[in-house]
Ligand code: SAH
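Presented as structure tokens, the chain that follows is alone, the form predicted alone.
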């Protein structure tokens, strides 16, 4: 369970140079090259948590611009603290609901999307809120370049089965589907683990992953 209340987190986020202000992000869809000051490819992680995964990626790939999207201020503040300890010029954050992701990135502006250990929203009536649902896949389709990819990891088998079932009706195709990422020597090569992945894999939970494209 993610912490949702950390005193002063919203104020700290509003003052952080690493967070793109809300008024800017809705005014500048399609202008991330201007925000970063270059035309490098853009990769985004939706629901980035404390930022371990995306920070490691940005450090490893300085030629790529990364944007971490996180809804909860009390979680995002941890990613900001990580950046204060090790600043990276190719990483920015957004505090926003993922439902608005297609309003802050332009058509075909994004080169890759990562979803990691997303909220499973287990009740059937909340299926549309699941980040790998067909409703969200339609949003991702707007902002991803043609033939670019989306990667999803989770230890929640029910959520993963749901995600796989959503692909065909949403018009997406799978390049890779695995139900035990860490047992696949080829796929696990270069794998960067999130905080949740470290926790659940250490408990012996298999990690599911797919790589899909439109």
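Numbering follows the first chain given and starts at 1. Quantities reported herein were computed from a predicted structural model and do not represent experimental measurements.
Separately, the form predicted together with ligand SAH exists; it is not shown, and the next lines address it.
A.B. asks: Given that ligand SAH is left out here, which of 44, 58, 163, 48 has a heavy atom within 4.5 Å of it in the predicted bound form?
C.D. replies: Of 44, 58, 163, 48, the residue with a heavy atom within 4.5 Å of ligand SAH in the predicted bound form is 48.
A.B. asks: Ok, 75, 110, 83, 137: which has a heavy atom sitting within 4.5 Å of ligand SAH in the predicted bound form?
C.D. replies: Checked against the cut-off, the match is 75.
A.B. asks: Identify whether ligand SAH in the predicted bound form is within 4.5 Å of every residue in the set 71, 96 and 194, based on non-hydrogen atoms.
C.D. replies: Every residue of the candidate spot has a heavy atom within 4.5 Å of ligand SAH in the predicted bound form.
A.B. asks: How about residue 131 - does it come within 4.5 Å of ligand SAH in the predicted bound form, if we only consider non-hydrogen atoms?
C.D. replies: Yes, residue 131 lies within 4.5 Å of ligand SAH in the predicted bound form.
A.B. asks: Counting only non-hydrogen atoms and a 4.5 angstroms cut-off, does residue 119 reach ligand SAH in the predicted bound form?
C.D. replies: Judged by the heavy-atom cut-off of 4.5 Å, residue 119 is in contact with ligand SAH in the predicted bound form.
A.B. asks: Want to guess which of 63-71, 176-184, 155-163, 32-40 is within 4.5 Å of ligand SAH in the predicted bound form, heavy atoms only?
C.D. replies: Result for this chain: 63-71.
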